[in-house]
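Given as structure tokens, the chain that follows is alone and in the form predicted on its own.
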Amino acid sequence: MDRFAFDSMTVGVCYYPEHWDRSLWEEDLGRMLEAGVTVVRIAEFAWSLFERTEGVFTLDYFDPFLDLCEKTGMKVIFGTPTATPPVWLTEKYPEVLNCDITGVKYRHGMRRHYNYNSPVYREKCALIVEKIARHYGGRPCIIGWQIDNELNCEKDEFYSGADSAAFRVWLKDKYGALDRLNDAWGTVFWSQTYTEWDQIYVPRPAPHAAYNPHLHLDYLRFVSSSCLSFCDMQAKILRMHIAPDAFITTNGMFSHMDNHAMTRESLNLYTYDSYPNFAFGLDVKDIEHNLLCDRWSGMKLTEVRSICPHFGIMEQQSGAGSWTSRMDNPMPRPGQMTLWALQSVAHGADFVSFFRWRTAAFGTEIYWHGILGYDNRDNRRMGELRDFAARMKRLEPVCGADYVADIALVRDYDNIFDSELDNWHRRVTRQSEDAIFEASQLYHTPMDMLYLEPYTALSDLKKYKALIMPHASIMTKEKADLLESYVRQGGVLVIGCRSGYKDASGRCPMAPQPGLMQKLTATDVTEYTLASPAEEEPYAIWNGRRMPMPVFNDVLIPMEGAQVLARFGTSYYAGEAALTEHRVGEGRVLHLGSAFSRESAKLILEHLGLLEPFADVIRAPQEVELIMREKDGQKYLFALNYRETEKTVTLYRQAVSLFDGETVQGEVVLRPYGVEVYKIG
């Protein structure tokens, strides 16, 4: 599908007409428009309004509201209601319900309690989507359609009988014969060999949750395939009935699904739900991971940008976020709501819709606060909404501008799924991706994220001066060849420990490590170990500087052409190579024999000449994030202060503030939680 792009900076809110007396509708729309809101999202949970009993459709509930939207000029994003099946459906057809791993069904009363593979559920979803699309598809106020709500949220694993049946079909299509499946899964281990397709199930309870890792890897691929098929079914129905210029999207970005393929195949706009305040929740235990607090949303926004460079935010946090059952989060401090919304804009969002217009007075989300409170009075958040909408008008030149980054963190779904199943892989990946992001944030070195997909081209890689692929345990010849072409034509590739030692099934071939990567690294790994808690924390020495080498160590044996940059300083392998560099064609490959630390990421970027690319334009403290967007050769610099105190930045050349039009140079003070955007000459 052709990508949809907003032609102007756009502000929206999520609104639920069914939650409020009709006498409030027109007043609400007027207050929204006065505040600068021009789009509302509606209807994504309203199935029981459309089909209160099976086969009895009352489709006109939202017509009076849409009439008001057309009268006032408000635009609408309309949601398909398949995230919340009505009670008649789940009671009459319990096979539509998802199950936990023991087979116990989830029951009515929540949301997303269905499974994608129930034939009955697919039939009922297709019918309600078609009915709604036929009825509302021609409304001129509807500019877009949202499929479902947050696919794979709440539950991203599915264990119903329908899922096992569909899994077998998926496996037959992939392998064709049981002998091929048994070989790929290594089922001779522990006498797991299958002789009939009906013997295969989605994962079931096992001691220590020790499932066959190769089965489980295929299971996660199957979950993704099921989700994408469910989304595509709805997209195809919508395209038959809606206006040709209306976009089709879905919201969120959840695990066990190939968001890139889903967007490419079924959507023309990707939207994300951004809740930075989760970093401050009282249920968050991992303090180290939340070192940067709300700046961690930038990691997710970076991933969203890899899916859709110019994306939308369907739900931007406006108030405290909490259900009655979980997620205790404080109210955003004055300025934080605007800061977080501009964080989204800085990362590539040209549409920002706040969740929600008014805090729910009933239901599970009564503590998930919106712009307005229960009392419906203007408040501080309403003031920030007006301020943000005014700022968005001044940011009009930035609409459609590209995020500027010289480096990219490389991922692929096979390794993401594998890292969930493999404890070694999970630990090094978590450590490294966090450290690389921390370094990019604290040392003002913006990065992109690049996913290696079957359709990824060499031109996608050549956009970047350096690619960091920390721990691609699973490597295929196709990906290795693509990376080699990139390096030979002048690119820089950086990898870490535990690279290239698995095939596409997650098996370990009888080959030297790093497997298919060895031609690029010119290193051999014959000795490797988890860092021992009984010994000194691992480190290496690079040009006299001590560099932490956390979690796992690969002892690197340099082969012909490889230069040793750093050597281990601890354990029985002290003095052995810890970091190497190998020239390949016009480019080079760096191999780090550990997980990444913030310090090693910084030193490597410094060595490559890629650290702090805006240093000739601006100097900023670590508490301030720096982002550049560029369009038609014009650069726009965002400076975001995430602290509750003032921070000072220094501009080394004249710049024009897009917010007040003033030309500035030298020291500039950013208010607490303040943001400035400068046009750089």
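Note that residue numbering begins at 1 and tracks the sequence as displayed. Since the structure is predicted, the reported quantities are computational estimates derived from the model, not experimental observations.
Not pictured, yet referred to below: the form predicted in complex with beta-D-galactopyranose.
A residue is said to contact a partner when one of its heavy atoms sits within 4.5 Å of a partner heavy atom; Phe614 fails this definition for beta-D-galactopyranose in the predicted bound form, lying far away. Contact between Asp412 and beta-D-galactopyranose in the predicted bound form is not found at the 4.5 Å heavy atom cutoff. Using a 4.5 Å cutoff between non-hydrogen atoms, Arg598 does not count as a contact of beta-D-galactopyranose in the predicted bound form. beta-D-galactopyranose is not drawn, but in the predicted bound form it has no heavy atom within 4.5 Å of Tyr501. Picking from 462-470, 149-157, 215-223, 380-388 the stretch near beta-D-galactopyranose in the predicted bound form, with a 4.5 Å limit on heavy atoms, gives 149-157. Here is the short version: of Asp232, Asp422, Asp406, Asp273, the single residue with a heavy atom within 4.5 Å of beta-D-galactopyranose in the predicted bound form is Asp273. Here is the short version: of Trp323, Tyr374, Trp197, Phe189, the single residue with a heavy atom within 4.5 Å of beta-D-galactopyranose in the predicted bound form is Trp323.
For the partner-free chain shown, just Arg111 of 101-121 comes within 4.5 angstroms of beta-D-galactopyranose in the predicted bound form, judged by any non-hydrogen atom.
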